[in-house]
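Two separate entries follow, structure 1 and structure 2, each one form of the same protein chain as structure tokens.
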Structure 1
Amino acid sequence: MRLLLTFCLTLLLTAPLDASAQKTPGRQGTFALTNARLVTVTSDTISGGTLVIRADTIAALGTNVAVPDDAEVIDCTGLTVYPGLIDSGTRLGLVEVGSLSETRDYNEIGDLTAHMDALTAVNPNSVNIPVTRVNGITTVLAEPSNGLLPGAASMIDLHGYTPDQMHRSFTGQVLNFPSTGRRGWWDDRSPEEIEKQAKKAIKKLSDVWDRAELYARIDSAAAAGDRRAPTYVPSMEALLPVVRGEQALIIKASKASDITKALEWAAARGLTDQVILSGAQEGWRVADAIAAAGVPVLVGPVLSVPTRPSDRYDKAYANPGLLAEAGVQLAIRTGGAENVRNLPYNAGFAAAYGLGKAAALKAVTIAPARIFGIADAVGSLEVGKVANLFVTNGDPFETTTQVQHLFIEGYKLPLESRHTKLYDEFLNRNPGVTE
């Protein structure tokens, strides 16, 4: 009983401390990572190199780089520097505890909520964020998910104290393409019912897009002074940049026939050049069609079961490799929130089952940076790019590998999270057993 009491007190005392002390502040400055192996991703790997970080930028890198006088030198002998990993589809920062609706902010009510902006609901102080970045993940796509047009997804860096500080420029609309797949064992609709509902949803999408195009035409006419502005409709207003070809449309589709329909729909609406496919779990079935359309794919989660009972057991692992083989430009997504930290392992499985290590590394660095149009800033180690990078003692996909240093926007961040702090406290708990 005494033990129970002590224990409860311990819990009470540690819990609030734990919650309030999630982060030690990071710091910017001038850093020189010396004697390092530099995996630039976009050009050759450099051995025995130096990489200089000044403020938020990679100021220099190479073998003949002078260490600035004011630099804090970090000897990276035996260590490797990689560009920060990018997860191309998550709910990170938009949810804290999965089962508690009061902590879920990615699913607004309604089918047509394109005016929702995920960036608004990103919690910079989410406990999940440090847990993620200590595995080398520096940038993720935070996306809303319910309904037909759930809103805008935003790219965020995993450090900052306001959503704007975290925002990594990309914003794109999400479209959940009407699905004919099942969502889980609880989804026991008949095939006919599934077909019927999907048909209805496609009709709705068609109507919505007719309206959006009309809204854009009226809006343009109004801007040219030809008529008065359309009656303000928030979701239609939010779709204007997509309809006008100025913004990306992330179409989520996984079943082969849904992907095909999505590509046809995008072509019919003149959107093909803006479309990015997401999910694409049966992408391998229609890889040639995706490649022919020239549409990039955010594929995953890789650690997933096959979509159909008749499919080979490893199809989800092999999917990225098969897509790449067909010539599809791809990046990897986990679709996760609290376990986005498993992105390197999703990439590792993709590598092992056909994608190969080099392509898998690209699929979580430069490939997504290019797909999202942020390759001028992130995705590789290049002079002038933002200092989003991490230092390891080995292959970043191997589980034994440990991250040694982490920089996001030039901030050297402590490798701490709730998980490390609980380890530090409880590995050798004091008191231990008291009888």
Structure 2
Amino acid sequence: MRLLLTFCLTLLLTAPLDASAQKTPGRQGTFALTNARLVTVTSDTISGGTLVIRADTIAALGTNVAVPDDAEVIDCTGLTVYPGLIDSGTRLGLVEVGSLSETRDYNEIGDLTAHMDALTAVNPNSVNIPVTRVNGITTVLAEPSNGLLPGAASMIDLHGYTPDQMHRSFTGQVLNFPSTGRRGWWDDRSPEEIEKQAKKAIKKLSDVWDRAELYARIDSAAAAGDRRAPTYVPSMEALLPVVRGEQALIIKASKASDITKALEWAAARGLTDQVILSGAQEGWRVADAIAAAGVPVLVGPVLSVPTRPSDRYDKAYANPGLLAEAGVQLAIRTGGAENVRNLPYNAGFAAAYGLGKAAALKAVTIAPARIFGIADAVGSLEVGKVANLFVTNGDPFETTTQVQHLFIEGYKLPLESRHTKLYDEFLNRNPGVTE
């Protein structure tokens, strides 16, 4: 019996794995996408063009581009090439199953955890990542949540075996701005109580920032040799780059009153030039003030309901268009994890309800790239940029469109996910279903 068990275990360990359980690895090389419609985003669309990828870079594009001898040619007749889509606010890679606390790693205990870095918690093997990228999304902002200062958000590409391999250079501190108004229909606090609690919450934030500024002054004095270094406080150390103007501060605020207070607070602290507003679901109510402050906005989710019962049903859809009309620089976010794949449809609704198709495409490509300071690498089809792009058989904002090819950092990735595997399995059930 013992020998039989040993034999079975040996056979199990040495047998080839089921092919359906394997992940087909991506591969780099030289690729030529020929006869394609190239939507560059930052310049005119090119019809019948060729785009050459060499290693991780777009090496050439245009109508008179010679195909390298060593290139793998992909005929894109009838297909369109777009730059990879960018989601400007997600929990992708930080949570696997929302109902299981063991798989959630975006919510630290306490109000002040600025030293937490979302990048270190990203799971490169998340099932949600391939589900997301088969819709043309190549890059997302992974952000922590909850608490006053929950930590740093990081931009990641959706391919890699370690978080560091995935990191797309941008990191910014997140600030959940205190609520200054009624929290919802269930909130039965009196106006006086709401005002009292709002003042208390903002004072708490200001006290924390006073400490951060003092910590920075002591640290600078110590560096100059004028005094001892401050006692190490991880959260204060993490805020140093923001206090010194070296790092962005992503302020999450959605209600109009919160946005107004956040802009006032940032101006009083001299932080306006570093601030990026996130959420802004009532941004349309204070669009002129946001535009006057010159603060970019990561708006969304667009596929949402109005924040007030008295608002029109389509205010969430129209919000990006109204912000853009006021002159606000914006990008679109889903704020999701498993549904980040719906980013193109968030942009599609924004396009249909006032933003326009071209502006909506920019809001998920070059606009976020510019806001996050990574436009020299991604966000458009340009020679020298990183080859983050996808090929479709139609408009990416349409649900019927299929992505045909996908490249991230030049890696041609398989268009497979848990969804496609389940589709294939149940399409060919054996045994099938009998009446």
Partner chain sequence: MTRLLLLLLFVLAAAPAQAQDLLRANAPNDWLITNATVLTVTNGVQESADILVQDGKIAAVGSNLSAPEGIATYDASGQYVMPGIVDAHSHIAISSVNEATAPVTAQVGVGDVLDPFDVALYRALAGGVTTSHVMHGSANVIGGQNETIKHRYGVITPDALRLEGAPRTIKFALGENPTRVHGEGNEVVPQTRMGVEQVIRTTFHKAQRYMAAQAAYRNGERDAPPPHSERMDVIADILRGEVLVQCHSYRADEIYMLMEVFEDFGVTNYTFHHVNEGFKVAPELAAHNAGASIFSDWWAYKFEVYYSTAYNAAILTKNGVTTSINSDSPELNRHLYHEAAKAQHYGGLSDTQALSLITINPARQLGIADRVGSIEVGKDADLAIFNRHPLSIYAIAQRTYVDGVVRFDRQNDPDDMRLRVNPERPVETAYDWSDTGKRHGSCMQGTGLHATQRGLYLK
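Throughout, residue numbering runs from 1 along the sequence of structure 1. All values derive from a computational prediction rather than experimental measurement. Whichever C-alpha set is largest while still superposing within 1.5 Å between the two forms counts as the rigid core.
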Only one structure is the form predicted in complex with its partner chain, namely structure 1
Take the rigid core as the frame of reference and indicate whether the C-alpha of H115 shifts by 2 Å or more between structures 1 and 2.
no
**Prompt:** Is there a C-alpha shift of 2 Å or more at R182 between structures 1 and 2 once the rigid core is superposed?
**Reply:** yes
